[in-house]
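Each of two forms of one protein chain follows alone as structure tokens, named structure 1 and structure 2.
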Structure 1
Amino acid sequence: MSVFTDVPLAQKLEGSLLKTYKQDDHPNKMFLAYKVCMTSQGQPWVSSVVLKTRMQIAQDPSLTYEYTPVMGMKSFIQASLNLLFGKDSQVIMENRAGGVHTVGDSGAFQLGAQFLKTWRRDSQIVYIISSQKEPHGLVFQDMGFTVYEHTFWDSTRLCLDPSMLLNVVEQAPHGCIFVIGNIGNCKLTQGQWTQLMVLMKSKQIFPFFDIPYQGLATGDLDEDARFLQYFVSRGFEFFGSQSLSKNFGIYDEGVGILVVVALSNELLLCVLSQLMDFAWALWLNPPTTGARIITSVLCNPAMQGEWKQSLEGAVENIMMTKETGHKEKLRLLGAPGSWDHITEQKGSHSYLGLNPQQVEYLVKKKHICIPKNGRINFTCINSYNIDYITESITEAVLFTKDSEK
């Protein structure tokens, strides 16, 4: 008689789309939903500085490989915070921004959620944008939080709509947690920013920022983190998950930071000490290879310069794929409608602007795997598959136009 008799096979939450793709044996099958930035050769993008740095580290005889403290690598945390807020920013100078080195961004959400579960018992409600529900929303859900999904994508007007965001905040209950991802694409006016923050402040909504790839949205590191300054200057306290895996191209090292901003250094130290207790039980010591690579690059001006250039290059490639590779091809093929919404969205992941019927057509008839909301990773498109993809999209749009008649 087995101890495990009652244990059923788990319904795997993750990668259901990738699973569909893998099980498909059609020769033209394609997967446009990889999480990471891909190169034109269909490989995960890696910043050119990373290879060099990896070699330097391997050759460095002065390094010891002893356990890191529970908090993680201090120099890594400091360098990452400087990148986010600016070395001379007030919040850094006042010692009220800190962080815990975590195992990837999932680790940061796990850690933050454990803290909020324990120390904000009166508000266990989380709002999260649909595209972030998996995996981050589920971390909260598994822990007993009530998780509400929402979206700012207006599928009729084909744009990200700030007023949809404001509506959600208006309806959200007092004291809830708001996970805020790449809000830059939402193009809030100064007035809307003010309105958003006044609303959040009055309702004591706690922001939990997700900064998955600073620099890979606009190519400008400061620009991509600017919205944080707004919240800092308005006196918000918040958490943030800062991942540096994607913007360095070290996906498999599980390197992240849970960023904490508090009103004072004293408060910050209390929060960090509690977080360390949780981290202690979760993994005791975070892994260091990724953190070492990042710190080496960030602390060396020449290397940092090269890294920034590589980010700019990656973002140029994304925009080129969207502009000439995709939008232009669709126009030439006579795909009905404007495709400006594709280039109006920054970053690798953007809404194609297709309706559910069109998405289904691509998945079922053309074996192109894309999520139901039609938000794809544009860097999965390259010279080898662009023709098939744009032709299929054109077909999907025309097909569904015909079937509407």
Structure 2
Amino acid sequence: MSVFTDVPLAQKLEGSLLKTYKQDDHPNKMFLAYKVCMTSQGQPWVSSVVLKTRMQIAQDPSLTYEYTPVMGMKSFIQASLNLLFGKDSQVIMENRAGGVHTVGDSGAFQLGAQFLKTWRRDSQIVYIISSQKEPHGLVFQDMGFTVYEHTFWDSTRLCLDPSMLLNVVEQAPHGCIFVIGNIGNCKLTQGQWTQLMVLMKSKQIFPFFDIPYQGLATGDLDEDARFLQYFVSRGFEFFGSQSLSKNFGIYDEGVGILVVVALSNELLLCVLSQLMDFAWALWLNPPTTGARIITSVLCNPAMQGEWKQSLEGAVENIMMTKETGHKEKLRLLGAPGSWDHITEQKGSHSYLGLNPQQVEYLVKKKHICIPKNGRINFTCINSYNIDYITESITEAVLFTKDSEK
């Protein structure tokens, strides 16, 4: 008898929508839920500077391809931290920010959760709040944490509501862990920022930030990471998952760092030493190809400038698609309601603001595959499919309104 006899099939975490799309033989079928940024030709977006850098690295005779230290490439870590905080920032100058080179988009959460499970045994409650449901909860659940998930997307008012974030903080117990994603997309006023800081400080809540696409939200690298300055200025210690796959377009070589900010260099070194022990057990040595590409770009002013331009161009295309390609077409087609919420959201992935019945209509009747929450990847929309998509959305909204009468 097999030792695997009692092992059941795991419930699929994702892929059912993509499976539906692949099995559909309709000529106008579309998939608007890809994770990666797409080009107007329907291919994954890659920064132009990455292609040139990859060739240069491949032809570099000085590379030895030795194992890296457990912490990873030091030059990559420092370049990533400088990108996130600014090389002249307070935490960099005081040597209070460090990091560990991690594997993939979830590696930092795996490593950070392992540390918190061991060294914060009095606090095993995790709140995850973002603009969407995140996969991080599974990492913490597997570690034995009690996980509560919340979103600050208000499906009734069709907006990212900062008061929802504040309400969750008010309800949260003392000393819990807060995993926060896309907080830069949530427009807090100065007063709300102050209120959030005071609440989290008084409850000794430990922040763990998800920073998956710096520069791809607004096109401004500094602006997309500005929220961190609030926490630094208020003396917070925190972790961050800084993923650098999406903003360079190297999705198949997922790479990032677990960012650590401590109150002193002495405390930082203690934390990093423990994290290296966990990294040794988890993956021993992180992959370096993606890290080499990113480090080469960030450490070369000309190449970094070209990369920044490519980010700005990508964001401009996203906003153009939302404004003139989508919102304006829906208005001209007479789609009921206001569609301002589409352009008020930052980044490639945004909510359409459709209800479940309207989403079901698009999937089943129009063969447009989108998630149940109606959050789509706007880079999947291009000149070839925009008319069909906007006409289908208008039809779905009108149909459901008629059926309600």
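Just so we're on the same page, residue numbers count up from 1 along structure 1's sequence. What we label the rigid core is the largest C-alpha set whose atoms superpose within 1.5 Å from one form to the other. Owing to the predicted nature of the structure, the values given are computational and were not obtained by experimental measurement.
| message | Looking for the form predicted alone among these two structures; is it 1 or 2? | response | Structure 2 is the matching one, since it is the form predicted alone.
By the 2 angstroms cut-off, has the C-alpha of residue 29 moved between structure 1 and structure 2 once the rigid core is superposed? Yes, residue 29 moves 2 Å or more.
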